[in-house]
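Take a look at the C-alpha cells below, where one protein chain is shown in two forms, each on its own, as structure 1 and structure 2.
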Structure 1
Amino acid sequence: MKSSLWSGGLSALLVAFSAGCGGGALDTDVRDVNEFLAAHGAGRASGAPARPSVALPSEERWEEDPSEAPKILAKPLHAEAAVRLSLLMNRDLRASMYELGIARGRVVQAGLLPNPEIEVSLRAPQDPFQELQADIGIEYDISRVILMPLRKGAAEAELAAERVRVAGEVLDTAYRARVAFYEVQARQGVLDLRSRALAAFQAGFAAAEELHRVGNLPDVDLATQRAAVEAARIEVAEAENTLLDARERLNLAIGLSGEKTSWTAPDPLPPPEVDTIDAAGGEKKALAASLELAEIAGRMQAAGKRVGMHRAEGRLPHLSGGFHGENDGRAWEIGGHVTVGLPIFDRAQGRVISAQSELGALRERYVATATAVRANLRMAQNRVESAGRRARHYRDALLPAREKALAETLLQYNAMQVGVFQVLETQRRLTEAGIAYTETLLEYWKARAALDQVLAGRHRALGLAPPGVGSAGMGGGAESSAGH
C-alpha cells in the first residue's frame, strides 16, 4: 500500500519535473522509478497502518510554488499535511530532480554520433605554369562510433542509479518532514506541561507569600519557593526555545519562509499504536526495498560498464578514416585513408584501474550498506518496541498512578497530614510524568517513522543513535540530535 503511495508521489513529482525541464524524457525515469519502488515493495512494519498519499499534483509547474500549498497552510497542520507540503515545496528535493536531468543529458550525449571533420587546403605552386591546387578531405572518428554503445550503456546505468537516488531523496524529504512535525507536537506538549509546572510553583509561591505575610512562614521558606519559581521560568523559556527550534526544523524540512511559517499544529502526539514487529521477515523486506542498495547496484553496473569501456578503449587501436580529394588544377584525384593509432603505450591502463577500483569500492559499499540496513532495521524495531512499551506503561500505569497519588495526597491534605506544598509537589510529579510520557511518545513516533523508512528503502539519516553514539554505520546521517 505504502509503496504505491510513495511511488505515486514520486511519479507525479517526476512527471512535473519533466514538464518543467521540458525534456520529456523524465517520464521514462518516473515510470522506471515507480516500477522499481513497486518491485521492491517499499515494505511497512507488519500491522502498521498505511499513511495517506504524498503525491504531488502533476499539473504544477516545477518552478512555481504549487497552488495547493496555501490551502494546506490555511488549516491546522497534521503530520501527513506536513509531508505533502514538503514534497510540494522542498527546494533541495527540486534540486535533486534537476540533477536527474544532468544524468539524463549525459545519456543523450553519450548516444550522439561524432561529427565528421572536413579539411580544405589551397596551395599556390611556385611554378607559374601550374594552376592553383586545392585539397579537400573528410575525417571521421571510427573508434568513437565503435565505443558509443559502451559509453551510452555506462551513462544509462548512471542514470538508473540517479533515478534511485532521487527516489530516495523523496523518501528522505518526507521522513524529515514527518519527524520534524512529531518534534513540534512533542515540544508544544512539553511547553504546555512546563508551563503547568511553573503554575504549580507559582501557586506554591503564592501560598508561601500569603503565609509569610501573616507571619506563618520564615523568610527562608519564602525564598526557597521563590527560587523554585524562577528556576521553573527558565525551564519554560528553554521549552519555548526548543519549540521554536522544532518549528524552524519543520519550516526547513518543508521549505517554508516568511508569512508561510505562521502555521499552527494544535494536535498532541497520538498515543502509541499496537505494533507487531516481524523481526525475521523485516530484514528481508528492508534489504529488498533498500534504495541505497539499489543505487549502489546501479552504480556498480555503471562502473562495470566503464571498466569494459575503458578496456575496449585501451585495446582498440584508435581508428579514424576519411576521404581525400586533390585537385591539381586539371582534375580531381580522389582517395581514402585510415589512421590507426597503435595501442602500444597508452592502453587506458589508468582509467581501467580507476574504474576497477570504483567497482571494488562499490562492491564493498554494497555489503557495508546491507549490514547497516539490517542494523538500522533492528535498531528501529527495538526502539519501536521499547518506546512503545514504555509509552503504554506511562499511559496505562505511571500516569494513573501519579493521578492516584495526587488524589490520595489531597485526601491526606484534607486530613491535615500534609500541607499545600506537598499537594503541589505531587501535582508537579504528575506533570513531570506527563513530560516523560511526551518525550517517550516522541521517541516512539520517531522510531515508527524510522522503521517505516527502512522498510520503504532508506536507512540513512534516521537519527536513531542513542546519546553519545555517532551515526557511523548508519549512512552518515545528519539530525543526530533527533535520535532520542
Structure 2
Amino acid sequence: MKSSLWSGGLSALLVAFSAGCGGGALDTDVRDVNEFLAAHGAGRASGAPARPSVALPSEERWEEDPSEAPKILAKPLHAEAAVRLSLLMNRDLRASMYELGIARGRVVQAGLLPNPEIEVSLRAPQDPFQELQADIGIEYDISRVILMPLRKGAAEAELAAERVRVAGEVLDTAYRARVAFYEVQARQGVLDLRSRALAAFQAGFAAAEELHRVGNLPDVDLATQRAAVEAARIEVAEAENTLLDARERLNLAIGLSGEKTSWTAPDPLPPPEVDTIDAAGGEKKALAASLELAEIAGRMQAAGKRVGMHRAEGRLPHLSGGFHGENDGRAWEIGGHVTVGLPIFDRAQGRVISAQSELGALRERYVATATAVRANLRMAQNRVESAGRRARHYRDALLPAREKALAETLLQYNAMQVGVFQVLETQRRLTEAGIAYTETLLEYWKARAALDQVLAGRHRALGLAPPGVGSAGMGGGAESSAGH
C-alpha cells in the first residue's frame, strides 16, 4: 500500500510537470494571432489591403529589430512598406503579444493538479522502554481536482478572447501607420505647393525690381510684391514644420528612432479611385468581420463559464482526503481519511454576483458595439463618396480653371491691363486650390483606410476628419458646392 501511495503521488507530479512545460512562448502567440487573422480574413473583399501578419524576434533576441526591417528602410517608403514596418517594429504591439502570454499562463495554471501536502510529526514517549514514534500524513485537495475542468474552460475562453483583442491591435497598428503615411504624403504635397508659390513670387519680385529700377513700376506695386514674397516664405516655413510633425507621427506609429528616421517617401498622394461601395451588404460584412464583437462574444463566453464555475464552487462541499501512517516504534499502521467542508455560509455568492454582472455588462456592450460598427461604416462610406467626388472635381474642373485664369491674368498684366494685385490674388487662389485638392485627397484616403478598417473588423479610433476640410480653396460662392 505504501508503494501504491508514492507511485500515485509521483504520477500526479509528472502530470503537473508536463502541464507546466506546455506553457506558451512568444512565437506560439505570434503564430496563433497570424493564423487567426488569416482565417478571419479568408473572405475579405477584393481590392482591400492584404491581411497583416506579425513577425517578431525570438524572446532571446527581443531587443533586436527583425532582419526584414533594414531592407525595407533602405528603400523609399510607400504605404504598404510603412504598414509592414509598424508590424515589425512597433513596441506597443510586441507588448500586446506578451500580454497574450499572461492569459496563456492562466490557462496552464488552471490545468495544473494541486500539490499534495505532507505532514510529518515525531513524538517521544514518556515510557523509557518505548521507541520514538512517528506519524506521517498526506493531504490532497479533491475539490480543486473536481473543479479543474471548469476553471480551465473559463481560462481557455478568456485566452480566446484575448487572442481576438491582440489581433485587433495588429489591425489598429497597421491602420495608424497607413494613415500617418498618408499624412506625410499630404504635408509633403502642401510644402511643394508652398515652395512653388514662393519661387513664383520671388521671380515676380525680381522682375518688379528691374521695372522699378527703370521707372516703369510704382513704389506701391514693388512693396506689394515684396510683401507677397515674405508672406510666402513664412507659409513655406509653416509647411516645413507641419511636415516634420507628420514624419514624427509616422515614426511613432512605426516605432522608429535615431538613424532609422531618415527614411524618404517620394511618392505623392495618388488620385482617388473609382469606388464601388456595397452600401447594402456593407453592414452585414462589417458585423460579421468585427473583431470587437468577436472579442466581446468571447468574453461573454468566459463570463458565462465563470458563473457556472462559481456556482459549482458554492454548491460543492470542500473535499480533501489523504492517507495517514503511524509508527509506534514497532510497526506502521496506515489508514485514510476524508475531510468535508459544509457549504453553509460561504457559497461563493459574491463571486456569482460579480460574474453575472460582468456577463450582463458584456451583453449590453455587445449591442452598443454593433450599433457603433454600423454607424462608423456608414460614416466612412459617406466620407469616401463625398471626398472622392470633391477630389475629382478639383482635379478635373477647378484646378484647370485656376491655371487658365492665372495664365490669362499674366497676359493682361504684361499688356498693362491689370495691376500686380490681381496677379497676386490669382496666384494665391491657384495655390490655395492646389492645397485644398491635397487636403481633400488626404481626407479621401483616410476615409478609404477607415472603411477598409471597419470591413476588416475594427471600428475604434478611426479618426475621420470633419467634412469640408478642403473647402478653403474653392473660392467661395457657387464653387463651394462643387462635387455635390
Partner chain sequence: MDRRDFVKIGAAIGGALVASEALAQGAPEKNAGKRARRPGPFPGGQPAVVTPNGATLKLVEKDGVKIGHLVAMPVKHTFTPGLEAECWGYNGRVHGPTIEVVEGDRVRFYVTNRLPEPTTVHWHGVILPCGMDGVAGLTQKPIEPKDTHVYEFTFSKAGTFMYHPHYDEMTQMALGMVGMIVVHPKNPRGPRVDRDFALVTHEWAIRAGARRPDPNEMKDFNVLTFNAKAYPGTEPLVVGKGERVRIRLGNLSAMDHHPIHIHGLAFETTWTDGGEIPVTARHPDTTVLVPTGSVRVIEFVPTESGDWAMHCHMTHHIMNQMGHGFPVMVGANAAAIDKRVQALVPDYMTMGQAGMGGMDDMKMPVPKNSIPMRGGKGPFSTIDMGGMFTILKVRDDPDAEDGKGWYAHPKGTVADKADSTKMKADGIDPDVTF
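Rigid core here is just the name for the largest C-alpha set that superposes within 1.5 Å across the two forms. Note that the coordinates shown come from a computational prediction; the quantities given were computed from them, not determined experimentally. Just so we're on the same page, residue numbers count up from 1 along structure 1's sequence.
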Answer for which single form is the form predicted in complex with the partner chain: 1
Core-aligned CA displacement of residue 221 at least 2 Å between the two structures: yes
Core-aligned C-alpha movement of residue 233 between the two structures, 2 Å or more: yes
Flag for residue 345, CA shift 2 Å or larger between the two structures after aligning core: no
Value in Å for the CA shift of residue 420 between the two structures, taken after the core is superposed: 3.5
